[in-house]
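Here we start with a single chain on its own, the form predicted on its own, put down as structure tokens.
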């Protein structure tokens, strides 16, 4: 992006010098969110179990954290607020999935997905609220999925494809409900809460099978899977000063797939 265009975008969005926490910062979407918010002049605090690739930016800070561990979560948030005093935005992006048939689903599978995809969001929201002041406008953005509102179509999966599971969709539906709940209950500290529900994102590092991509694309009105940056744009909007009256909303970015 040209410098003049980037400066215009920074001013338009009002994100420069904002402090943003991104959970799951080392994954495909998390890494892209980190990169783009840094380019927009933000300070980014990344949280993940896995350290991301080296980022040469003085405004980037990484904390290793099992986001689903309640005590660790509280400890790290306390450390973050000691250092940065106040945080403008929390992006709950950490997520895991299992792919075996539901008939093989174990208790460990259920507990793991629920802990990371649902409980960790609650812990982070609770701590963000707890440590926030009442002065400035703040935002929480929860990353959900179109499979929180529709069921995966079994016809698009072949034998060896990574099939989206029942527990993944159930936890993401829970995220949507937490968004609605907290959008009402956090306003005393000027915190807005919204959700972004992406459709299928093409995985550039571990690509889906060609047949799956073809079948998914035929099922989608735009005839393709999403690019990571197409999800980033929705998150940037909800973090920005352009969305100060958007609260309790689920922004679906799926190419129209959930429309039929």
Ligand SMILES: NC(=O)c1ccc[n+]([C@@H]2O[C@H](COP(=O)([O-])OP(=O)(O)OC[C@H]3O[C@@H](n4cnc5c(N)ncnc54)[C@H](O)[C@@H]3O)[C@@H](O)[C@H]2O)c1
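Numbering follows the first chain given and starts at 1. The shown structure was predicted, so the numbers you read here are calculated from the model rather than taken from an experiment.
Below, we turn to the form predicted together with the named molecule, even though it does not appear here.
- Taking the partner from the other structure, the named molecule in the model of the complex has a heavy atom within 4.5 Å of a heavy atom of residue 172.
- Heavy atoms of residue 121 reach within 4.5 Å of the named molecule in the model of the complex, making it an interface residue.
- The named molecule is not drawn, but in the model of the complex it has no heavy atom within 4.5 Å of residue 235.
- Of the heavy atoms in residue 35, none are within 4.5 Å of the named molecule in the model of the complex.
- Of the candidate stretches 187-195, 38-46, 53-61, 25-33, only 25-33 has residues whose heavy atoms lie within 4.5 Å of the named molecule in the model of the complex.
- Just one of 80, 96, 150, 125 comes within 4.5 Å of the named molecule in the model of the complex, counting any heavy atom, and that one is 96.
- Of the listed positions (116, 156, 183, 76), a single one reaches within 4.5 angstroms of the named molecule by any non-hydrogen atom in the model of the complex, namely 116.
- Taking the named molecule as it sits in the model of the complex, the stretch 179-218 comes within 4.5 angstroms of it through a non-hydrogen atom at 198, 199, 200, 201.
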